[in-house]
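Okay, here we've got a single chain as structure tokens, the form predicted on its own, with questions on binding and movement later.
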């Protein structure tokens, strides 16, 4: 199958490499330095048995792209612009799998595809809730950092069972475990709640995930989780505190040595997904008249840190070539 992976950072590169190893025709759309390194030397997967995978890599979505499936793996803040670019370059109908952190991803993707010119794109968008971790070590080098799976489903308005099944077969063929999401909106919230408790705390204090189980970070994570749970309940997505805490500590234990994606972004002076996770929870809470002081403090603090660490617009353009 021909697969276009748009936004090939750590997760997109790992998925693309596994798909290429399984015999699929894969093209990664990546940042210039990463794409250049892959074209020159292949994509190196580090781990117990390092391997170099040969596959296509470009800096921009090729115009008039012929592909059987699109994996959209950009960060949540780049979804709108990138989905519009996909719509302009890829002739519909092509099923698209959206694998992002955050809330409300499917409506955003569908609206952006429509803005880019796809007629009735909603039917082609499938939501992926990913828990397979990876780290971008450097240009052309990615390291899987643990086990996980991809939950696949639709929000009741988008996608079709046929495309959900297609992506399940595609990812499973590459050794990327999948599972039906059932209620994908609930699963999107589940991951957002856990991310809202772990990622900001690790980013704020510069600690690996496992430290969140220890005081004083444990208390901060539980405070953020409690506020996020209040918002999910107001939105009609109910979780018992016992259920979501059990999920939280399971993820913390399973990823204890990992540095969260938000912390990695700060380490690399990149924009974080704080607005798509905690910021989205804060905005929804405000609509319901909820006071979320801990969430507000962490959002404001990480926004300021990101603003100070990001290079100037001129420097960013230079870094992108």
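In this text the structure is predicted, and so the values were computed from the model without any measurement. Positions refer to the first chain, counted from 1.
The form predicted in complex with ligand KPL exists for this protein as well; it is not shown, and the discussion that follows is about that form.
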Item to check | Heavy atom within 4.5 Å of ligand KPL in the predicted complex - the one residue of 96, 152, 142, 198 that qualifies | outcome: 198
Next on the checklist: Looking at 185, 244, 251, 174 here, can you tell me which has any non-hydrogen atom within 4.5 angstroms of ligand KPL in the predicted complex?
Outcome noted: 251
Item to check | Option from 32 to 40, 253 to 261, 66 to 74, 53 to 61 whose residues, in the predicted complex, bring a heavy atom within 4.5 Å of ligand KPL | outcome: 253 to 261
Checklist entry - Could you tell me if residue 131 has a non-hydrogen atom within 4.5 Å of ligand KPL in the predicted complex? => result yes
Checklist entry - Can any non-hydrogen atom of residue 191 be found within 4.5 angstroms of ligand KPL in the predicted complex? => result yes
Next on the checklist: I'd like to know if residue 101 sits close to ligand KPL in the predicted complex, meaning any non-hydrogen atom pair within 4.5 angstroms.
Outcome noted: yes
Item to check | 4.5 angstroms heavy atom contact with ligand KPL in the predicted complex for residue 122 | outcome: no
